[in-house]
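As structure tokens, one chain now follows by itself in the form predicted on its own.
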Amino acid sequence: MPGKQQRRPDDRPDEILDAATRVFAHMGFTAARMDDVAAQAGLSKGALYLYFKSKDALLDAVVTRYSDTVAAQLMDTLVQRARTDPVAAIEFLLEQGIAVATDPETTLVPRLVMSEAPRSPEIAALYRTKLLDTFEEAMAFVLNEGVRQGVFRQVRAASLMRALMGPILSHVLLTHVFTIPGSAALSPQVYLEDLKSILLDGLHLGEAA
């Protein structure tokens, strides 16, 4: 089994950020220590400080990496799909959003941001700038394509973003935070089909009554 000295140096920042994400999410940012992150990453505390000078720097890097990755995937995929089928683009967004919201691992960073935002407005602003603003830009493109192609009516992109984000965030909260032991959970697939019906039927350009 490779020892620490055989680990590729280029891999270490990502390994550290993976470890920090798990530690912050499960212990809480305030309670977590750099020692905990170092232990999770399999490094000495001194080695950890060679890469990240503080716990706040680690949190910043965790949020930046997540936001940049999701934003790039989101923008590219939605733009490509919207050019051929704006309805399919929004369906894809809802499918991916509910899939992510259902998985406890992939929601670690968003839940961490929500818990830390009141303490750290800088982290909230970072997440907003890198991810949410990109999301709104993507929604504007999809909406404009739908209007141009004659399948959507004109609505505000900012309102559409909130209409799509709200159900996904509520699914995160009701699945991972406000769960009631023993209660029957709403199936993600059933929820997704309901969302498509509610949101897309309201967005479609239909005949006047």
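The model shown is predicted, which means the values in this text are computed figures rather than measured ones. In case it trips you up, residue 1 is the first one in the sequence shown, and so on.
One more form of this protein, predicted in complex with another copy of the chain, exists but is not displayed; see below.
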Item to check | Contact residue in the predicted complex, chosen from K53, R148, R33, R156 - any heavy atom within 4.5 Å of another copy of the chain | outcome: R156
Item to check | Answer option from L43, V70, A140, L169, heavy atom within 4.5 Å of another copy of the chain in the predicted complex | outcome: L169
Checklist entry - A19: heavy atom within 4.5 Å of another copy of the chain in the predicted complex? => result no
Next on the checklist: So in the predicted complex, is another copy of the chain close enough to F178 to count as touching (4.5 Å, heavy atoms)?
Outcome noted: yes
Checklist entry - Using heavy atoms and a 4.5 Å limit, would one call D194 a contact residue for another copy of the chain in the predicted complex? => result yes
Checklist entry - Taking 4.5 angstroms as the cut-off for heavy atoms, does P104 touch another copy of the chain in the predicted complex? => result no
Checklist entry - So, A57, V79 and V100: all three within 4.5 Å of another copy of the chain in the predicted complex by heavy atoms, or not? => result no
Item to check | Heavy atom within 4.5 Å of another copy of the chain in the predicted complex - qualifying residues of 99-117 | outcome: V113, M114, S115, E116, A117
